[in-house]
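What follows is a single chain, given as structure tokens, in the form predicted on its own.
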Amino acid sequence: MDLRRFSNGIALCGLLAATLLLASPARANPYEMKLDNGLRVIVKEDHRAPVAMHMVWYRVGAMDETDGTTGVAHLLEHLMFKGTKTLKAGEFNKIVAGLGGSDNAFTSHDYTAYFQRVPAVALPRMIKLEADRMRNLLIDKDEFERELKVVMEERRLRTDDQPQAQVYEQLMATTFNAHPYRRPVIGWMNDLENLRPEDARAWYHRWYAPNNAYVVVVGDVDHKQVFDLVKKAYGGMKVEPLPVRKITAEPPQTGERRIVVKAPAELPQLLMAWKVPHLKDVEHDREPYALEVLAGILDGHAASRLPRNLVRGSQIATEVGANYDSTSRGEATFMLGGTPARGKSVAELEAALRAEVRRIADEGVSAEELERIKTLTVASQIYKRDSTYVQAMEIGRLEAAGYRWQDEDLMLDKVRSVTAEEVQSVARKYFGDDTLNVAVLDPQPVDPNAKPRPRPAGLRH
């Protein structure tokens, strides 16, 4: 069970992926500069193919929304393709396609990003296009209403009609009482129904500024030329005052929480989440690195403990998974979940999953097992270096979470230094009942005559 698929926005790699992928002996590359208006530019030269990945990241996401306007960050992402003072609605995509490229965007709780993969010779045009819509976006009432309908249908298609997505959404709403991760990135339907063009305009003017953004370019480029192009396109923009971010901290959980979601489905589902620490101090924290390794030992590869023991061994489950991401802007959870095999109950699966963690807490892990997960993780990430998209994504991810891409070597060293004792320690410390949140899908009869909902026109990703 790939628990990452429950995440809103793009499926994100964890800390191991981010740190291991970026490691490179060429320490001068990536290159970085900062404009006077605060815009940072990070360029990684990769001359193996004549292509360029161009990304613009904004340090704002769904966690910065307020109750009543949930979904506005994601809606604005859609509206960014609807025209500017110089471009008609939809013209941005046509230009990219005409140049032989592809483009898209994504919104998460932590950030919003826009990207194009194009022939390297087309990069100057992409830089101009992104700079244009950072300052010149037009939010027409008719276009707003059309795109809002697309987003509402996207919510129906990807959440309301998907039992697993409903379970994840309700689990997050249960796990977090105060922290904004309790709200879905797509937004609550009632909030979407009541959004107005002025809500989107206010979000755009509040957050879309050069001093709240950074540009990442990876590919067959010369970094000096990229710096010149970005300076020419963005240099005339002014620094904008940014709102003070007031993110409510989650109060301590003092007891187990359980919910049941009833929805048409063939099989039940189980999701469990414990509150655990996330990475704050790259150099001095130890537990987040140990939790990353624990997640890998449980579900890092086909021979990890969960699939080996619960799917192929006891056959109590048809799929299982573990997930932990230490590099989020906000609170962190460690998740376990799965689908019980026919004839097995959710309660049996929950007991089996918890027993696997308890076994590590009681018996620890072997040196060979620890080394295997580190070696396999390194090997799997090496192949990802062939993707300019993934390279740019990992640079952007670290920056969006409040770290620097320069931290990656230290992060890599910290992961490599995790001991078996540290893995055992976090397994003992963080998986009790008082911080446990459980969501169960109670399958209801499926209508045999129900037809799949058509994909809405304009759905981007």
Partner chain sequence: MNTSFRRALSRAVFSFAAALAVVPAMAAVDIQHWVTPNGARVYFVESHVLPILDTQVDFDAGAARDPVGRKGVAALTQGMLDAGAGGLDEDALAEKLSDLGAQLAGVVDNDRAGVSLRTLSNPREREGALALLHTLLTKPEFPAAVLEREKARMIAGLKEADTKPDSIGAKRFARALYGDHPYGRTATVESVSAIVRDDLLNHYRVHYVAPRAVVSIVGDVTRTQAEAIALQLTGDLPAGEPLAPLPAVTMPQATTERIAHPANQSHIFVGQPVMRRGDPDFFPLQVGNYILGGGGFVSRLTKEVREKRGYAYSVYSYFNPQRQPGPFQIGLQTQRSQAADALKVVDETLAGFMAKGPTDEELRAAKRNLVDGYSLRLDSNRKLLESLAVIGFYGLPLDWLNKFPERVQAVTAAQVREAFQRRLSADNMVRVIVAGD
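Source: prediction; values computed, not measured. Residue numbers count along the first chain shown, from 1.
Another form exists, predicted together with the partner chain; not displayed. Remarks below refer to it.
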Review point. Which among 224-232, 123-131, 354-362, 310-318 is in contact with the partner chain in the predicted bound form, heavy atoms within 4.5 angstroms?
Key: 310-318
Review point. Would W188 show up as a contact with the partner chain in the predicted bound form if we use heavy atoms at 4.5 Å?
Key: no
Review point. Does any heavy atom of E266 come within 4.5 Å of a heavy atom of the partner chain in the predicted bound form?
Key: yes
**Study point:** Distance check, W207 to the partner chain in the predicted bound form, heavy atom within 4.5 Å
**Key:** no
**Study point:** Contact of A303 with the partner chain in the predicted bound form (heavy atom, 4.5 Å)
**Key:** yes
Check your understanding: Which listed residue (N212, Q253, T174, N93) meets the criterion of a heavy atom within 4.5 Å of the partner chain in the predicted bound form?
Key -> N93
Practice item. Taking 4.5 Å between heavy atoms as the contact cutoff, choose which of F81, F144, W274, Y289 touches the partner chain in the predicted bound form. Key: F81
Practice item. Heavy atoms within 4.5 Å of the partner chain in the predicted bound form is the criterion; list the residues of 157-195 that meet it. Key: L157, R158, D160, D161, Q162, P163, Q164, Y168, V185, I186
